[in-house]
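Let us start with two forms of the same protein chain, each given on its own as structure tokens and named structure 1 and structure 2.
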Structure 1
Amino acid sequence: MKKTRNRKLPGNSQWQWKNLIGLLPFFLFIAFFLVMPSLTLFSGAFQDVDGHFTLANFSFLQNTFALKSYLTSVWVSLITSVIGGVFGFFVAYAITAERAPRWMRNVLTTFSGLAANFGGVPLAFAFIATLGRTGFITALLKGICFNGAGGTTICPFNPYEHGFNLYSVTGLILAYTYFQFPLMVLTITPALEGLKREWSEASANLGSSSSQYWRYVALPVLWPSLLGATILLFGNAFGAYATAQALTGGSIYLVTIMIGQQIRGDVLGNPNEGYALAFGMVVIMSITIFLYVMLQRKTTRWIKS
């Protein structure tokens, strides 16, 4: 201990590589429990059953089942990220609007924090209890009845008679939006707060309307953060598993559900194709996160100071 105490904090570059030794536990942990498992899957994705290199596993994209799971996942993620993104943006706007009451800001921010962290199985339960076949709102709407002609009663508001079904892609989108738009609120609020008041005043002085201000000043400044946040939402939905599993019992084939079934019992009939399926997910997530980080960097230039 004495030695370390007397050692000076390093300045020259010779010391710098030796100093990395303190990060060894961290890197070992990452290597063991994140990199190694990932590499196991990746190497499996490029091998056939005998361990020879092959690209044949990616022919799962010709397997309509697997391809469809990718399309469903991308579709659900895309829709919920756009809906959540737009809705979340307006809510964040409401939070940062000049004359918004303070309590409203507090309530919205608090609930966004809560809802963005509220996912998985309980979220599915909440939606089943509310909008499921016997759910609270469903029962409420079902109960609105009128006396029709000839003594019959008509109950025109039962959502399940109008093609609504919670245990479907629609239901999934509704449930995902519950955690998507609050995440948008949390990520985009700092950017909106970064819009300087002088900008709107200056544009007003130059005679522009509110919509012109948004079109020519605010949105051009905001678009990298808007796009970045929406991309983050996409990734957030793309990796989700528990809500879909609990809501639909695995009857909607998202990629995550497919992988889950592949882990349980090799539904694809070829373990290496399962690895390829997982590899594809990581590729998509990497692109997503990379774009998000790049756009985020672009944003900080404006938000700082």
Structure 2
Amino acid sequence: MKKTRNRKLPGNSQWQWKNLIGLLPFFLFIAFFLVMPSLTLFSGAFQDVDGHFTLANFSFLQNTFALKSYLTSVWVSLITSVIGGVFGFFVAYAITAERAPRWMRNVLTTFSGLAANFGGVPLAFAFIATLGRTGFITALLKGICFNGAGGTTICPFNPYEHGFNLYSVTGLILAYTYFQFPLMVLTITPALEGLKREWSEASANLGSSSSQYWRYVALPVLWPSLLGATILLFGNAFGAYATAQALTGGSIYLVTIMIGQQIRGDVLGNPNEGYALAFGMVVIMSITIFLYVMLQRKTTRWIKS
């Protein structure tokens, strides 16, 4: 009888090292552009100009402008996350409905993927060219005439003479909503697809209406996904910088704009205070990410069940 040779199977360690080589560029990118800047931020927040340990940088808690920047950022993030969340949910529901045309879903999904990543200076320029004082839609509205009181004709209609201002918090909310609702569509679509058809059929067989099904079955199941996606939108808006800076020129006090002013070394700028402001921002973002991960775990359980 021939003796069978014991072939040495490739060990797990060998397999892991081969795959880690392919991941090396990713780890290097994370190290140089995430870990090292974060360490610099954390250490700089607790140092003075001479490099000595201090807590004076956190005196921004007594600074009216710093607190206002945090409140404005939280306010804008909350408003845009709610508006984008509601609008994005209905769009996602429309494309995941049974009778929705497949081409509509492909078009809206592709648009959402592009629009969710369309931000910064290009987005600000697009809104200025569209809704600015000399923008395309503004010019069209100026040419619209309408009948006023007493049968008089009022023409033209200038939205900037009726309270609208693109370069204000209202305009910033409008610009943020542009990339918020597509992100909601991409985030909530898998959860809507996870709703089993048998649930609606069983609900209908028991005599419940469509509104009762959504109230007692669908929405309670989707609630963790909806809340988690809204929290994700909040973090996305809270960390935005380039769009607000390019659109308003830094005239609106957002925490990201104030951090940029401190670190760039503007008048009375202090990089260490900027690090402290960023440290507070990281704390808020960390809480946001933690809540999102916890809610995503709940969502994953019923999707896999």
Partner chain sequence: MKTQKKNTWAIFWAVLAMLYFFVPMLGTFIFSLRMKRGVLSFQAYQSVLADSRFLESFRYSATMGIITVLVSVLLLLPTVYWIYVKVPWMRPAMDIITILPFVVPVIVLVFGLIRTFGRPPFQLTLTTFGTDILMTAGYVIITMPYMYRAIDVGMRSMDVRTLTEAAQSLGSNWFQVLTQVILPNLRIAVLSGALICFATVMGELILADFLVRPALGSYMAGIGRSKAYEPAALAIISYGLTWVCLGLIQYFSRGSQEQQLTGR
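By convention here, residues take numbers in order along the sequence of structure 1, the first being 1. Computed from a prediction, not measured in an experiment: that's the story for all the values here. In this text, the rigid core denotes the largest set of C-alpha atoms whose superposition between the two forms falls within 1.5 Å.
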Checklist line | Matching structure (the form predicted in complex with its partner chain), either 1 or 2 | finding: 1
Next item on the list: Spell out whether the Cα of residue 238 moves at least 2 Å between structures 1 and 2 when the two forms are superposed on their rigid core.
Entry: no
Check: Any CA movement of 2 Å or more for residue 287 between structures 1 and 2, core superposed?
Finding: no
Notebook entry, point to check: Taking the rigid core as the frame, does residue 40 move its C-alpha by 2 Å or more between structures 1 and 2?
Noted result: yes
Notebook entry, point to check: In Å, how large is the C-alpha displacement of residue 31 between structures 1 and 2 after the rigid core is aligned?
Noted result: 5.6
